[in-house]
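Here you get one chain, nothing else, as structure tokens; it is the form predicted alone.
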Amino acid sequence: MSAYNSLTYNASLCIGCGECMMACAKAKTGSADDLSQSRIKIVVAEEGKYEAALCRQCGDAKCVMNCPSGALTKNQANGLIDWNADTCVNCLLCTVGCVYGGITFEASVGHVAKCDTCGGDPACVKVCKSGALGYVTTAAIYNDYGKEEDLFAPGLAACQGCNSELMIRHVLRKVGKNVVVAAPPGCIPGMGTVGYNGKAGAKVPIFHPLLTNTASMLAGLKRTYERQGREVTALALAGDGGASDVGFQSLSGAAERGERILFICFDNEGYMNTGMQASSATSFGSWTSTTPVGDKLQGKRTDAKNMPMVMMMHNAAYVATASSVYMEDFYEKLDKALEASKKGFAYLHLYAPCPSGWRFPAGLTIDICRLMVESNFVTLWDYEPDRGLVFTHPTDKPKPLESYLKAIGKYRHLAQEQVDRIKKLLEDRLAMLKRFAR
């Protein structure tokens, strides 16, 4: 079964401007004057709130089921509901079956009409200023990699909602079997990826170095394989403790020497596998078991180490930040990182919110990932020495930082002065990054 690209609509972002309808009408008729020709209709749900009548290109489309003449069919190549004028009898039963109002009769042309996504380049999305309309193209990832073998065994012992488990599975589907993996102490080996009771959780060579020597040990293995004439991807899957804290010495040395390895840091802002202790990556004000909240202490007193920036200062062959909510961006960066690791050191910093340690419901992991980026709490970019830094997600219209902080239990205690300090830090860091951007 294939996945398909699709239009999305977020009612909470819609401002009812009607620009999408004008763009659609113009795309279909050459004129934006007659909004009845638009295949998308924005309607008032209640005062200040709007809904969209729009074809969802349903997988189990009621319009198709209701069509007695077979004029409507699900296109298995692109996922669209196609309409055939030659067989349509204008019975309008399709309009009765659609609960989304996505297919309607147009008197001016004498037949039904519906969205066709403008051939994969929706005009409505391009003019939507509020971001209410989107066009999701991550289906290509499923189509390209869904058939690949999952190189971790099912049933790993991760917590519910674990972002890291999801992403290590994606990583190895992309990297493939020609790899040796280093997983230092932390949540990733704690899931059982390295194995226990004599059985490994990975289907590729994987080992358990010390927190202190992950990068140096992996670099040594890479050189050993090279002496044997074998080209093997040397991959580290480490937490922020194994990267920015205890493992920093060997990581810094490997980057300085230009070792041909790929080091991925899964940053969940703490030592979560051993009781939710603070690390240098833990953000200011965070509750952890070692930075409690009480009369004497109101969470972590210091700011998080800016590890991606530190690695950029090592002049590594490739450095990038990524989030699981933007999978196309992640896959592109992973591809670049793999290529860069053939000639030098590559570092990928993946932000990995932790439901258990951060105190938010397990079902909200992806929502938290999205808020991190949309509020500019973190920024997405990549860096190569010969071209500099490039932002891969806009930073100019962030959501209020409070929308992110209020969603997470470890920030529940924050006073306004603490929130203001975080805002100032984020503004300063963004300004610094922009000075490096091309």
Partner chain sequence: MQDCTYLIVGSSHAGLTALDAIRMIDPEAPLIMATREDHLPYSPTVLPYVVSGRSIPKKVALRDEDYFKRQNVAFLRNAELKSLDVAASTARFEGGANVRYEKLLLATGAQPSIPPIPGLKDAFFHVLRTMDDALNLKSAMGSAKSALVLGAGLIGTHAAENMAEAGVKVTIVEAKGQVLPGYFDKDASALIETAFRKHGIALEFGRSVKEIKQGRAVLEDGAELPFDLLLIATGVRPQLSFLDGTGVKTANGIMVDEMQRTSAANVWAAGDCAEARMFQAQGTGVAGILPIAVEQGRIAGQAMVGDHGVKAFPGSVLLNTYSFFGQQAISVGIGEVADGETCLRIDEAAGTYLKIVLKDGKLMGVASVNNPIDPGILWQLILRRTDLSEVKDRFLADPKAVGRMLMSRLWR
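Residue numbers count along the first chain shown, from 1. For the two forms, the rigid core is made up of the largest set of C-alpha atoms that agree within 1.5 Å on superposition. Just so it is clear, the model here is predicted, and its values are computed rather than measured.
The next section is about a form of this same protein that is not shown, the form predicted in complex with its partner chain.
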property	result
Interface membership of residue 415, its partner chain in the predicted bound form, 4.5 Å heavy atom rule	no
Any non-hydrogen atom of residue 86 within 4.5 angstroms of its partner chain in the predicted bound form	yes
Close approach of residue 390 to its partner chain in the predicted bound form, 4.5 Å, heavy atom	no
Residue contact check: residue 95 to its partner chain in the predicted bound form, 4.5 Å heavy atom	yes
Segment assignment from 61-69, 372-380, 407-415, 393-401: heavy atom within 4.5 Å of its partner chain in the predicted bound form	61-69
Residue among 207, 105, 284, 326 with a heavy atom within 4.5 Å of its partner chain in the predicted bound form	105
Residue among 90, 160, 75, 228 with a heavy atom within 4.5 Å of its partner chain in the predicted bound form	90
Within 4.5 Å of its partner chain in the predicted bound form, all of 260, 340 and 344 (non-hydrogen atom)	no
Interface residues of 37-52 toward its partner chain, as seen in the predicted bound form [heavy atoms, 4.5 Å]	41, 43, 44, 45, 46, 51, 52
Cα displacement of residue 111 between this form and the one not shown reaching 2 Å, rigid core superposed	yes
Core-superposed C-alpha of residue 44 shifting 2 Å or more between this form and the one not shown	yes
